[in-house]
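Have a look below at one chain only, the form predicted on its own, in structure tokens format.
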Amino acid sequence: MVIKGRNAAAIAIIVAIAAASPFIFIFGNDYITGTLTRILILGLLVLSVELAWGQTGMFTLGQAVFFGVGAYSAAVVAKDYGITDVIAILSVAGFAGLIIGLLIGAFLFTGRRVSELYVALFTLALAYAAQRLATSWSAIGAANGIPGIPFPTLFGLKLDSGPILFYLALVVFAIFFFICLWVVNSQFGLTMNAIRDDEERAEFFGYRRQTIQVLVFTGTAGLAAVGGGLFAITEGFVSPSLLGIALSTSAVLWVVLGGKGTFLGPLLALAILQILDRRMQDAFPQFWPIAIGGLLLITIVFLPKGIMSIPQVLRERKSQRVLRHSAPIREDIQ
């Protein structure tokens, strides 16, 4: 696998975070540590949306369903069955996401070709239904969710401090990030891109479109579920909102702002908005949602490829200015 460009930059950022983390813990506080941990966990959700939509063309507006499934699975296993080993918990969460993703993916893509709009509307309705179900299901706490989830353990050691949970999130994120890089740089990744760019042409060249779509949908569901499981054991609670429309659309928003088709852009957008979000909500509770909506509209109109396209846009504008200034000179020479 060849790592270059934006992928190399993303790896460099992960290494820099790991190297700088001791200083963060020394000079920072619990809020900073918790925010960074949450960014890494939600980063798994962002990676799943990017793989499904940015790399394969499946516009999902319900990815939080799988995040929530993983979170609730982890909560039930840890609290009701007393299983606190982090590897076992995340395995259960990921497996639950894989099963649900396989069932939904097979229903969506087997035997027919569906448009991005159909997938978006179906998954959006799924997110709404899942949140409503969780809100009324008393066995999983109904609207109150599941609080009091015990701290995870690893080889018998309790992971009960902010820095330790941060490193847990960092390790899990790094593992799956490298797996995602490997996938998109493999022959399978080229097949995903071929289906994204033109389904009919991909089928003409012999690619099994339906199989690829079901596999990717299932895999991204499992990835999101691992993120949900990690959220449950680090935050200590789960609620129906983890399954719903708000988180699903937020994940899509991060991908749109960062730039669909890249990993680095959406992750940067996630980090920036998460850092600003709580501060801005406290300072400007009514203005901040409007500002986010305006930022999204500006990005769609002026930066359709996201913030990662800013250097390219600036270069193109500079080239256009150079051409405009040089045009009269060429006419005089002629």
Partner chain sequence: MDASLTRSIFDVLSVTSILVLLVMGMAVIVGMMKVFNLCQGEFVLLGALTAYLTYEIFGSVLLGILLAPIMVGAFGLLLERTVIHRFYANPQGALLATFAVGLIIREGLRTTMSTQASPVPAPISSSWVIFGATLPVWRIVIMAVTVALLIVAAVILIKTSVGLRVRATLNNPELASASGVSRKWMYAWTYATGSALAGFAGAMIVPLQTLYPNLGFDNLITMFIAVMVGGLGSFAAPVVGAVAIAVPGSIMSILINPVTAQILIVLCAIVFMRLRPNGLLKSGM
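Residue numbers count along the first chain shown, from 1. Keep in mind that this is a model prediction, so the values were computed, not measured.
The discussion below concerns the form predicted in complex with the partner chain, not included here.
Problem - Contact assignment for the partner chain in the predicted complex, among L296, M280, I32, I272, heavy atom within 4.5 Å - result: Spelling it out, the residue with a heavy atom inside the cut-off is L296.
Handout entry: Among the candidates V172, L181, V256, V86, the residue which, in the predicted complex, approaches the partner chain to within 4.5 Å (heavy atoms)
Key = Of the candidates V172, L181, V256, V86, V256 is the one lying within 4.5 Å of the partner chain in the predicted complex.
Problem - Triplet F109, R112 and L133 all within 4.5 Å of the partner chain in the predicted complex via a heavy atom - result: Result yes, every residue of the spot touches the partner chain.
Handout entry: One stretch from 116-124, 71-79, 157-165, 214-222 that, in the predicted complex, holds residues within 4.5 Å of the partner chain by heavy atom
Key = Residues of 116-124 come within 4.5 Å of the partner.
Exercise for the section: Indicate whether Y128 is a 4.5 Å heavy atom neighbour of the partner chain in the predicted complex. Expected result: Yes, Y128 sits close enough to the partner chain in the predicted complex that at least one of its heavy atoms falls within 4.5 Å.
Practice task
Check whether L51 has any heavy atom within 4.5 Å of a heavy atom of the partner chain in the predicted complex, and answer yes or no.
Solution key: Residue-level check for L51: no, no contact with the partner chain.
Problem - Any non-hydrogen atom of I245 within 4.5 angstroms of the partner chain in the predicted complex - result: Because a heavy atom of I245 falls inside 4.5 Å of the partner chain in the predicted complex, the answer is yes.
Problem - L61 within 4.5 Å of the partner chain in the predicted complex, heavy atoms - result: Within the cut-off, so yes.
Exercise for the section: Using the arrangement in the predicted complex, list in sequence order the residues of 140-169 with any heavy atom within 4.5 angstroms of the partner chain. Expected result: Stretch hits: zero.
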